[in-house]
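Have a look below at one chain only, the form predicted on its own, in structure tokens format.
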Amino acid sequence: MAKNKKVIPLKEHIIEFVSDSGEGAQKAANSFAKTCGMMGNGLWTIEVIPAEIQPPPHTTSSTSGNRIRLAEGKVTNAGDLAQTVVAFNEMAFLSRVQAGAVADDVLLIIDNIWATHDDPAYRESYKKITGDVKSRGGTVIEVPFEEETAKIVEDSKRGKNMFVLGYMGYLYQRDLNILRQIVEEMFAKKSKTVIQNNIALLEGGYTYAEEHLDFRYEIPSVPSKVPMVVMNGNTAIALGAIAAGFELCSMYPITPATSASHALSDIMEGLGGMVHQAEDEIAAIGVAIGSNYAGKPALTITSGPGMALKTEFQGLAVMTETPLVIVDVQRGGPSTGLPTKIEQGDLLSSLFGAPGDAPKVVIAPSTIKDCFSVMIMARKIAEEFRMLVIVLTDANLATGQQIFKRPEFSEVSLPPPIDLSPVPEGTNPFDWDPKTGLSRRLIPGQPGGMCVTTTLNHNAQGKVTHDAASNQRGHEMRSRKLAALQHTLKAPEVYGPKTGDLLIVGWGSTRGTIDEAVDRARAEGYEVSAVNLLFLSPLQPGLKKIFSGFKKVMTIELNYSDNWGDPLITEENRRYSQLAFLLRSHTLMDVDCWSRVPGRPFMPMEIHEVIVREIKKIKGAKEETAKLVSKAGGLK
């Protein structure tokens, strides 16, 4: 047993568990992360998911696992480069290097079975990849994970993830009792033998690390005095849907949205609701619209390709003014694109993806906690304004885990019950208020509420018309509701001073990363602030006033834009990122952008680099102008 162990104090660390798909690295990582949350550490995790269902093993395309950012205090994003990677094979590790996710001085903990494998190709790749780690300043610790696992269970491939969990639990001084509790809960539906074997594997990994490691990491944890929860964004969406009082979720499976409906399936029926798996995406939205039309609150959950298929029915919801909430868990595109990777590419399609003018409300939560609360807001808006509300999350929020204060809920949070009282004689289904565009919602079967509903252009009575005046009025009233909603919104808060050299504008899950990068830059003396937009349609008020306080305004987004200096790109043809496009048209201000589509979350270090570069440009331009003015004055 190693003695006189060195304890290395840390404020935070970024750890990755990676293996071939199906080997259980995700299960081990999730258990490790849950333990950290229960111990009171700050936490953010994100899944590493292979694009194929059954990729070839021992290849970079087969990598599955999790990134965990573990800290003493609050964590708002997945951080920079991984400092520790525990890999079940060298190709899983290589895939993370190729993704640009690993620090040069990484600690690689890897199964040593490949060093002496029967296949010479495996031995050679193992030697080369581990050698590269050492040459870049990294450290390699070889551990016989599979060999040690075989001493406890017959099938070492199915059990080594629990051995790895124990090993990492010891290295990071995780509470072994909490680890045992989590493993017991994980296998609670299995036999007693299965539970005992997995506990033995956990303890075996812990003991092996204790006997062979001569150091441990220490990241202080402070147990919370208030109830806390750890969950991912899809679970938060599901719980938020329950809290909002939805009684039906109609969906069709699609990555990375499916787990939200799985979470709902576990609990919704017991609360009197149901999850309906339709035959396709089009049927799913049709069922949700029909349910809402009949007075039963329903939502549908999907991702980008599903949103494309739902386009025609979105227009139906807008034209008939039937309340509807759609959750779009964005992924890479276009077409089927990158099913398991993050992107923020659905903003413009959400706004404009329906024939004609079809105004919609678009809301983008920026934290996992927001994913819960925004669902209550979305239902209220949908029903009060009789509108289609789109909630834009993304793969980062969907699969990431964060610890936060348990939300408080009361029945006051729910929308009021649907008014089913007798309808006064002469009430029309579209009695639009000329100022707000709002009208009373009529429910089939409501006394006195018999009416006509059509997807064609119609008048206030709901009857089909083709004249210019009624068509104009219908468009005005449907749009007026957006203006009415915008008047209830507050201006977004500025993160940092309200004046300075540079303002970064973001939306969705980039918020934590942008804010951290801004903090770093401000600590170095740079005058930079940030704004995150919750509402993207209608946009929140006061943006022009906020933007005018800064020398330059730019968005940072996980979608595509042309770069200055690229071949053929000019001021006349440059394509801007999606929020920048929107802000430029709404404010008529010169809003610039920096965007990329790496298929992973941004790192704070990347955004910090952008901030420093842009402010240096601003300072350089100011100095050049001063020189020209001075020179001109001298000539006079």
Partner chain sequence: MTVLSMEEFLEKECGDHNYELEDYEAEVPRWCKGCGDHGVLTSVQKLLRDRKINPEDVICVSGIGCSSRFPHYLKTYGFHGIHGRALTLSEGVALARPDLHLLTVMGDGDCFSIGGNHWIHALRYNFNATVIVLDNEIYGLTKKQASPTTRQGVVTNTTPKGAYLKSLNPLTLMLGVTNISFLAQTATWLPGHLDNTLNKAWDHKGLSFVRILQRCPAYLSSSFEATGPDFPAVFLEGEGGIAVDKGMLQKASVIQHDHHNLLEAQKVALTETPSPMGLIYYDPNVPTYGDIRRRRIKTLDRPGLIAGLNAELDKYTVKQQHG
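Numbering follows the first chain given and starts at 1. What you see is a predicted model; the values in this text were computed from it and never measured. Here, rigid core means the biggest group of C-alpha atoms that superpose within 1.5 Å across both forms.
Note that the form predicted in complex with its partner chain isn't included here; everything after this is about it.
Participant: Name the single residue among 265, 428, 499, 207 that comes within 4.5 Å of its partner chain in the predicted bound form, judging by heavy atoms.
Facilitator: So the residue touching its partner chain in the predicted bound form, by this definition, is 265.
Participant: Of the options 534, 403, 101, 554, which one has a non-hydrogen atom that comes within 4.5 Å of its partner chain in the predicted bound form?
Facilitator: Answer to the contact question: 403.
Participant: Only one of these stretches, 74-82, 207-215, 230-238, 190-198, has heavy atoms within 4.5 Å of its partner chain in the predicted bound form; which one is it?
Facilitator: Single hit among the candidates: 230-238.
Participant: Look up in the predicted bound form whether residue 251 has a non-hydrogen atom within 4.5 angstroms of its partner chain, and give yes or no.
Facilitator: So residue 251 counts as contacting its partner chain.
Participant: Though only this chain appears here, would residue 320 touch its partner chain in the predicted bound form if you measure heavy atom gaps against 4.5 Å?
Facilitator: Result yes; residue 320 sits at the interface with its partner chain in the predicted bound form.
Participant: Would residue 38 sit within 4.5 Å of its partner chain in the predicted bound form, counting heavy atoms only?
Facilitator: Yes, contact at 4.5 Å.
Participant: Do residue 137 and its partner chain come within 4.5 Å of each other in the predicted bound form, heavy atoms counted?
Facilitator: No, residue 137 sits far enough from its partner chain in the predicted bound form that none of its heavy atoms falls within 4.5 Å.
Participant: Check, residue by residue, if 30, 119 and 163 all come within 4.5 Å of its partner chain in the predicted bound form, counting heavy atoms only.
Facilitator: Not a single residue of the candidate spot has a heavy atom within 4.5 Å of its partner chain in the predicted bound form.
Participant: In the predicted bound form, which residues of 269-300 put a heavy atom within 4.5 Å of its partner chain?
Facilitator: Heavy-atom contacts to its partner chain in the predicted bound form: 269, 270, 271, 272, 273, 274, 275, 276, 277, 278, 279, 280, 281, 282, 283, 286, 287, 289, 290, 291, 293, 294, 296.
Participant: Would you say residue 463 moves its Cα by 2 Å or more between the shown form and the other one, aligning on the core?
Facilitator: Yes, shifts by 2 Å or more.
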